[in-house]
Each structure stands twice: as structure tokens, then as C-alpha cells.
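Below sits a lone chain in C-alpha cells, taken as the form predicted alone.
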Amino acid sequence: MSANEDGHESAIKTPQQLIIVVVLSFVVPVIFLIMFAQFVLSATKPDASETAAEAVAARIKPVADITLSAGGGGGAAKTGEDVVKGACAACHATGAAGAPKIGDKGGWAARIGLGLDGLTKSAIKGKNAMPARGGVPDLSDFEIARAVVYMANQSGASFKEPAEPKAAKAAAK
């Protein structure tokens, strides 16, 4: 039986055609891979204005920078409202972990009875699930006291804003 009798016919009829097909089956993928590698490598090349050292520095730079400061960052102290929004509201706005909600006079009544000094000491040292300094170690005692005044006054207290420490006033000038 020949190929014509079955109704099937091969596209490759000579040994030369077979060699060409085999060679192309290896060469075409290799050429494709080389072109793909060129594309990928050209996409990551630095701009002409960027030196090699700058390009390396940009690729290996850290994800985040950490700046350590002593007691409030050395600049102007944050307001009580700013501190509450940045650190305290996560728990005190929702009542999470047993924290008294801001504005809940019943929840704050016993705490307000401790006075500003007692509440501030608790906030600085931490209490129950609340971490020391509300989990923000760079807050100054003055900023924490301002936050306590803000939250307590929203919840029925009538604490006066604490006086800014003299060292902070001198640093701000």
C-alpha cells in the first residue's frame, strides 16, 4: 500500500525537506528566545541620563527608611487631635480590645475620675491591651497628654490643655 492509496499524503517528500524541517524546528525557537531576551534586557536598561552607579543604587535601595527621633521628632509638637487620629483612633474610635470609645461618657466616667495625670501615666506606660505610648514610641509625654485631654474632653471631661514644656518651646524657635 502506498500513501496515495490510504488518502494520506506527507508534506515532506525528500530527505532534503526533512533536514530543513528538523533544522528549522531548532533554529526558530532559539531565534525567538534570543529576541525575547533582547526585549527583556532592553526594558531594564537605565536611561541615558542615569549613570551606572545611580541605576544600581536605585535598584538596591531599601523599601522604607527609618528615622529615629527623641520625643516628638524635634519639631513642633503634634496636637491632641493629630495624635488621636494617628495612633489612638484605631481602638478608641471603634472600642476594639475593650478600649473606651471616644464620646462614650459612661465608658470614660471612671477613667476621668483618675484625673489628667492618672490617665496620662496609664497612656505612657500602657494598660491592659493598650501598648505603651499607644504603640508610637516617639510621641512625647506632652503629645500624649494632649491626646488624653482631647479624648477625655470629647467624652465628658473638662481638662485643660497641658502647658508646653520649656525645652520644646526653645527647640521650636
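Bear in mind that the values here come from a model prediction, so they are computed numbers and not experimental data. The first residue of the sequence shown is number 1, and the count goes up from there.
Omitted here: the form predicted together with ligand HEC. The next part is about that form.
- residue 142, heavy atom within 4.5 angstroms of ligand HEC in the predicted bound form: No, residue 142 sits far enough from ligand HEC in the predicted bound form that none of its heavy atoms falls within 4.5 Å.
- Answer yes if any heavy atom of residue 128 is within 4.5 Å of a heavy atom of ligand HEC in the predicted bound form; otherwise answer no. Heavy-atom contact with ligand HEC at 4.5 Å: present for residue 128.
- Message: Is it the case that residue 87, even though its partner is missing from this view, gets within 4.5 Å of ligand HEC in the predicted bound form, heavy atoms only?
- Response: Residue 87: contacts ligand HEC in the predicted bound form.
- Item | residue 99: touches ligand HEC in the predicted bound form, heavy atom cutoff 4.5 angstroms | Result yes; residue 99 sits at the interface with ligand HEC in the predicted bound form.
- Message: Where, within 130-164, is there a heavy atom within 4.5 Å of ligand HEC in the predicted bound form? Residue list please.
- Response: The stretch touches the partner through 130, 131, 133, 134, 139, 144, 147, 148, 151.
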